[in-house]
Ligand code: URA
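One chain follows as structure tokens, the form predicted on its own.
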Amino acid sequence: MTTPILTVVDHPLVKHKLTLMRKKETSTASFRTLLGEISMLLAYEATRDMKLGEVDIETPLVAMKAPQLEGKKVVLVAILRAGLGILDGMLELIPSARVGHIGIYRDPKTLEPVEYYCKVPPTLEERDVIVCDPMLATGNSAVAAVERLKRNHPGSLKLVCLVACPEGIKTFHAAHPDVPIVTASVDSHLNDHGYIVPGLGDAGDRMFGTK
């Protein structure tokens, strides 16, 4: 499913790997590996519209004009801490990307985001910026992160998440209607504790084995 602002990557490999991640018996090591693998597939879709130019090269047989990425390097920004899992996978596909980190945690009582850290490349102008966060649940953390990044006037912004829900998508696009979302799944709903259902639990805890 694709709209100008929402792309659900429904490739069979993505669906299969996400099913394995959802299983409660999946180990921390397997969860981490699967997240990295899915992230590479999501990165493929998120970078589909990157600009290309032509360069003159020589193959072993002939000279030719060949396509090559143009413009400044991509910037990948992980929302800590769970966003690191998507970041690692995307760096496998885009190893030359610049990297930024935004530390935001969700207050367990209010579910509102609290920023505690931000370090991104100083110049984002003319750069394609991809924000990484496994779960788009309430949407508040992603809204805050993108709002923070917009102060640096990036050339473009996208949000890549593993699993989203209708409530999170609505909240995010109410604040940032110009920022596309790329996700592997839009799940049913958000429960009273701010968790996506059916979801896969707390991505950070499952990735780092902290619960």
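Computed from a predicted model, the values in this text were never measured in an experiment. Each residue number is its position in the shown sequence, starting from 1.
A second form of this protein, the form predicted together with uracil, is not displayed here; the remarks below concern that form.
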query	finding
Partner-contacting position among 90, 79, 135, 129 - heavy atom within 4.5 Å of uracil in the predicted complex	135
4.5 Å heavy atom contact, residue 202 and uracil in the predicted complex	yes
In the predicted complex, residue 196 touching uracil (heavy atom, 4.5 Å)	yes
